[in-house]
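Just the one chain here, laid out as structure tokens, in the form predicted alone.
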Amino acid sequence: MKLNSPLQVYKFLPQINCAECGDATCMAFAAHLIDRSKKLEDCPPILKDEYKKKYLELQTLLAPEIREIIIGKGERARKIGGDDVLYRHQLTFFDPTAFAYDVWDTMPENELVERVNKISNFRKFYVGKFLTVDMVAVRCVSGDAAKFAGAVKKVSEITKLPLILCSLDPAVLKSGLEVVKDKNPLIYAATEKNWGEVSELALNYKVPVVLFSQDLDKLKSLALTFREMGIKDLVLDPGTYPQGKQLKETFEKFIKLRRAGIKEAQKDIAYPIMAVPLNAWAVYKDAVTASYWETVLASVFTVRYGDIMILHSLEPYAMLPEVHLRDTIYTDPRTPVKVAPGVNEVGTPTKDSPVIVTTNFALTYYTVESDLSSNKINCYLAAVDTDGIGVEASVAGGQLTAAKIKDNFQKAGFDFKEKTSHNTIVLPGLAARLQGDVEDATGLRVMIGPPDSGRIPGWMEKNWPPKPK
């Protein structure tokens, strides 16, 4: 039985409130175990022999409903699966969908190198972090084991990203595994026809493997067979069809698999699911149309319930929607996205530059920062800790106060006399009601800026530098 409340977890803990885990009580630590913000190993007492039985029981009872597997090794290794809920608002989705973009063994070497570098180096800055992609899928098109091994070797020399080795021919898969057997690649795929030979590869090389069947009963049978053989790191591919009735059936299969794993606790089929939006290219010959439908499929199965995908298009109009939607779906709905509080420089501020205040809600902060930097406004930008709440809501709720604004500058070590010639701060227009309180608390001159940071350039022209009192 999966544990889903702190009280259930607490019964298995030492219950001595030693605080060695960093929490004041075992109950608080239990809550962190439920939301996975801490690990069981963070509790030193439970690792002692006297609690070993409880530790082993709790380890099993806290395991995710969907098996979590690791592909690759090192800092770029990726976890997939690991979900406990069907709907994001129930808790959160934990391991973001892994995006693998393909290369193939008949590519000229210079094109192969260029494409792999493009995949590896893709980065999009968004709300304080870089969005990237995760893997390279090497497809065997030639049918030649030696040629495939050469392509795998070249790719592994270029990138540290995890690899997916794609072929239905066990001999081809083996040739690729020999090259990267120490890098824990994912092999694709075992089917009703080749499962015996592919299972031997998975056992011998100790790598995760994809099971493919369009029939869910046969897919379950494959999973049960592999599990009985001791192969537990499995990924399920029920087939991805890009249009019409078959697309509807694909969508239904994904839902059935995930419901079986979580709602019905069918452990025999509780594994990560693979989608292959790349299949759109087999149907649509026009590159733009194929790329469009590939992105549609990627979006659909990011939401429901694709844990890993193989894609093709590297065009920005395809990749950007894919990574942005994934970031949205896998943002924890319980926690606002925040930036570190403090005072940051935008451009190259001088003593005559303004000091502008905002909150540490990431979307607010980076919107303001972008409006300032794009208009080449050199200034200091203060992010006040409001628990990740925006300006208007934090003023109304009491998270943005004069005391917090004062405290923010003090903790940042920001000396107005040393840093500025004007002893002035600029509050956002939506925080105008705090003007008097901030002046009293800080002793500074307070100006009220526009309610929308996009209007700051016009406001600056009329109001900056501040006129002498």
Partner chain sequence: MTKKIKLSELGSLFGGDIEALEGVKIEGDVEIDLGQLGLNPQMAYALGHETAQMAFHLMNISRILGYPVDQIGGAAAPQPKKLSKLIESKFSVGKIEEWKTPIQEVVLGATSSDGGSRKSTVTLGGEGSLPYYFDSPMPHRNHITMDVFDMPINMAKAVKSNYEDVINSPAEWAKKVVRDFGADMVTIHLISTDPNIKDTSPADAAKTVEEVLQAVDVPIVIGGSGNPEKDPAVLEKAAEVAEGERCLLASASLNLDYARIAEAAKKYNHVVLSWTQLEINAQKELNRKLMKQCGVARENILMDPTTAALGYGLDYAYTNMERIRLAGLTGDTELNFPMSSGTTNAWGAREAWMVSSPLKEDSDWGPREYRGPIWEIITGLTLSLAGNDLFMMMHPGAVHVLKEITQTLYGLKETEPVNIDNWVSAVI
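Think of the rigid core as the biggest set of C-alphas that the two forms share within 1.5 Å after superposition. Just so it is clear, the structure is predicted and the values come from calculations on it, not from any experiment. Residue numbers count along the first chain shown, from 1.
Just so it is clear, the following notes concern the form predicted together with the partner chain, a form of the same protein that is not shown.
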| item | value |
| --- | --- |
| The unique member of K147, R88, R76, K79 whose heavy atoms fall within 4.5 Å of the partner chain in the model of the complex | R88 |
| Residue (of K174, H312, K183, K154) lying close to the partner chain in the model of the complex, criterion heavy atoms within 4.5 Å | H312 |
| Residue stretch of 377-385, 322-330, 68-76, 351-359 approaching the partner chain in the model of the complex, non-hydrogen atom distance within 4.5 Å | 322-330 |
| Heavy atom of Y126 within 4.5 Å of the partner chain in the model of the complex | yes |
| Contact flag, P14 vs the partner chain in the model of the complex, heavy atom cut 4.5 Å | no |
| is_contact(T159, the partner chain) in the model of the complex, heavy atom dist at most 4.5 Å | no |
| Heavy atom of A396 within 4.5 Å of the partner chain in the model of the complex | yes |
| Partner contacts in the model of the complex for 363-383 (non-hydrogen atom within 4.5 angstroms of the partner chain) | L363, T367, S370, D371, S374, N375 |
| Did I66 shift 2 Å or more between the shown form and the other one, C-alpha, core superposed | no |
| Core-superposed comparison between the shown form and the other one, A146 Cα displacement 2 Å or beyond | no |
| Flag for L216, CA shift 2 Å or larger between the shown form and the other one after aligning core | no |
| Closer or farther: C-alpha pair L372/F122 in the model of the complex, relative to this form, given a change of 3 Å or more | closer |
| Closer or farther: C-alpha pair S374/F122 in the model of the complex, relative to this form, given a change of 3 Å or more | closer |
